[in-house]
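Below, in structure tokens: the form predicted alone, a single chain.
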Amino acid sequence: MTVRVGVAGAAGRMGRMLLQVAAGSDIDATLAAAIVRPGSELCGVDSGDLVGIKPTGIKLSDDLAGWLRAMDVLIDFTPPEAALANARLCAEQGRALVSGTTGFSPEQALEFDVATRTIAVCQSANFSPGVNLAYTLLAQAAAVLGEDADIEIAESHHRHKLDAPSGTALAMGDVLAGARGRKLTDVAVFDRAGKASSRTPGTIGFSVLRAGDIVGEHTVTFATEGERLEICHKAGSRMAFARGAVRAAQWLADRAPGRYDMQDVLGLKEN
């Protein structure tokens, strides 16, 4: 089955990568629509011309509602407010949704869940196969090393990233806290500035770097008395995320309504 894929936020950094992957996909997917922000001066431009590949015949448009009928799955990495509006449209027209949006407020996350409960949704903070494998390794390490290990998560991204810590770092924190039978909100430490005290046992620390054009790097450190284990993932380009998202769209197209993530797509929950 060849899945018809639409890309929201097509003019953005991730959107352009998604256009390239979907237009030349080798995983039974084809580009069906390329959506840009309302009023964009790029409307009418061939999506292939935008990303430097041969013309696709798919013109950039700001009319998502009008194009939804042409697609099976929408891939959306837009900011939270736009992502919520797009999710509502997908639900109204019964289209599946792959969502890579991060930075939702608690209220927005709840609104997203309510709006999409009637459709199939694959939502992940990171669609890289390597990162999703790292989640499994992190859970194993946290379970084996137990409370003796101090855990720190360090992440680095480009200067334009809006949310901090990254959605991937927070997802890693959720995995680690869950492996210890805790909630991340109870053990996360985001700021130690001005606190003259030693480390609280069982906490998970976060550190953030924003600089230059760093695509994405995450390092989780487990430190005990006498040894240190580090699990690290470094992205060299957004292509891994884009290929993972298109793979998720192909997998999601014939699924029943419900909530899925990249762990489901990769079969990691079955192991």
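Numbers follow the displayed sequence, beginning with 1. This structure is a prediction, so every number in the text was calculated from the model and none was measured.
Not pictured, yet referred to below: the form predicted in complex with a small molecule.
All of A29, P129 and W251 within 4.5 Å of the small molecule in the model of the complex, heavy atom check: Result no, not one residue of the spot touches the small molecule.
Choose from 206-214, 219-227, 65-73, 30-38 the stretch whose residues reach within 4.5 Å of the small molecule in the model of the complex, heavy atoms counted. Only one stretch passes the 4.5 Å heavy-atom test: 30-38.
Given that the small molecule is not shown alongside this chain, does A179 nevertheless sit within 4.5 Å of it in the model of the complex, heavy atom to heavy atom? Outside the cut-off, so no.
The small molecule contact in the model of the complex: K161, any heavy atom under 4.5 Å: Result yes; K161 sits at the interface with the small molecule in the model of the complex.
Just to confirm, F77 within 4.5 Å of the small molecule in the model of the complex by heavy atoms? Within the cut-off, so yes.
Consider A82 of the chain shown here, and say whether it contacts the small molecule in the model of the complex, taking contact as heavy atoms within 4.5 Å. Yes, A82 sits close enough to the small molecule in the model of the complex that at least one of its heavy atoms falls within 4.5 Å.
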